[in-house]
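Only one chain is shown below, in structure tokens, and it's the form predicted on its own.
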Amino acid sequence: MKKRWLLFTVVLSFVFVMGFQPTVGSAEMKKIHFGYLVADQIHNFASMIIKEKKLFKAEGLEVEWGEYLAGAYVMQHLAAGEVDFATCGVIPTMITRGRGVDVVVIAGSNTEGSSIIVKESIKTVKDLDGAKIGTPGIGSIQDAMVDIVARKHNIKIIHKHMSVPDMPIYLKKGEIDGFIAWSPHNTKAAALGYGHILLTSHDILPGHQCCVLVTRGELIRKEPETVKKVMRAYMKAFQYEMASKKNHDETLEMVVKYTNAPKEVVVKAWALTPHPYPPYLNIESAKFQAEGLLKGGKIKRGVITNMDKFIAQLYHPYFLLDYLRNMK
């Protein structure tokens, strides 16, 4: 922890020496495009609270919201300049960074929160050998975790890329043997009797960073005041949920609304999905996952020659630290 804070202090010192100060915003509403994943509000509840409580408007931001089926799609639109900020998985973010796109993590969101659901005849991990497992696709953290399981247990798992909302249907029809997905799709399928949880992401990669808040490096350099406002709204959403049991319960009701899942399913899913506060990026977890992407060929060898440098380019904690220092 001391080393982490020392790193943050160095970052802040560098920023102030270079004269990187937020500019004074105008009275006009600044328009931004914000992307998030469909029915992913248990992992990224902050975007939902921001939307419901109009926290961006309170910061002088006019927002155009975009829903996406997986993090890889969010990254495509961010790379094209069609998304300014987004919440999605750290895995697709790192893959995109590895392809030369200037995508930057400015805060964490949740850790863990996914699980592998399988048909009843699959009782052990070894039974996954040769199994067809649905995943959100290459570039998702869920797809990467299936690779981790296969390597660890020396088995072959067939990846079937598909839309997350369709996974329970394919499992029920017997077209796949199981699937890996984020909450509440996993707990919902189990509650409906379509299968059972074989492994949680805690079992596969304990404490792993899952989702993050991202933006384009260009916005950090050219519009730091806008990034600062987004961070303020993001942090206020976290604080709102934490403020009281009433607010927490209200947040759960919002999740029920956005995910169309029964409340008991949402409660179980929430228990599988930690939301650390303050929402720092778990640097060690990010490094470990980046190493896995190199081994799996998702990031080409030679792109990352120094892991610490890669993470330093990926993760910019300035706005999060600035908010915490000046929290009101």
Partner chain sequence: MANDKNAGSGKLGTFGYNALALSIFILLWTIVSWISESLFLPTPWTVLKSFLDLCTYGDVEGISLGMHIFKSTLRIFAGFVAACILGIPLGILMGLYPRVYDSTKSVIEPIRFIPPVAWIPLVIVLLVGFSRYAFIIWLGAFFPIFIGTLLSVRSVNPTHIDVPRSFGAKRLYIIRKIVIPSTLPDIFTGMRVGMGIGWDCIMAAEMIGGENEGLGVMILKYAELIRIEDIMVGMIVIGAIGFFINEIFIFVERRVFKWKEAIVIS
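Not measured: the values here are computed from a predicted model. Residue numbers count along the first chain shown, from 1.
Missing here is the form predicted together with its partner chain; even so, the following discussion is about that form.
- No residue of the trio 237, 309 and 313 has any heavy atom within 4.5 Å of its partner chain in the predicted bound form.
- Shown alone here, residue 246 lies farther than 4.5 Å from its partner chain in the predicted bound form, counting heavy atoms only.
- Interface residue remark: residue 253 is not counted as part of the site for its partner chain in the predicted bound form, having no heavy atom within 4.5 Å.
- Remark: residue 242 does not count among the residues lining its partner chain in the predicted bound form, judged by a heavy atom distance of 4.5 Å or less.
- Among residues of the shown chain, residue 300 is one whose heavy atoms approach its partner chain to within 4.5 Å in the predicted bound form.
- Residues within 4.5 angstroms of its partner chain in the predicted bound form, judged by any non-hydrogen atom, belong to 169 to 177 and to none of the other stretches in 198 to 206, 112 to 120, 169 to 177, 225 to 233.
- 162 is the sole member of 219, 149, 162, 104 with a non-hydrogen atom within 4.5 Å of its partner chain in the predicted bound form.
- Between the options 72, 131, 190, 125, the residue in contact with its partner chain in the predicted bound form by a heavy atom within 4.5 angstroms is 72.
- Of the residues in 74 to 113, those that come within 4.5 Å of its partner chain in the predicted bound form through at least one heavy atom are, in sequence order, 75, 76, 79, 95, 96, 99, 100, 101.
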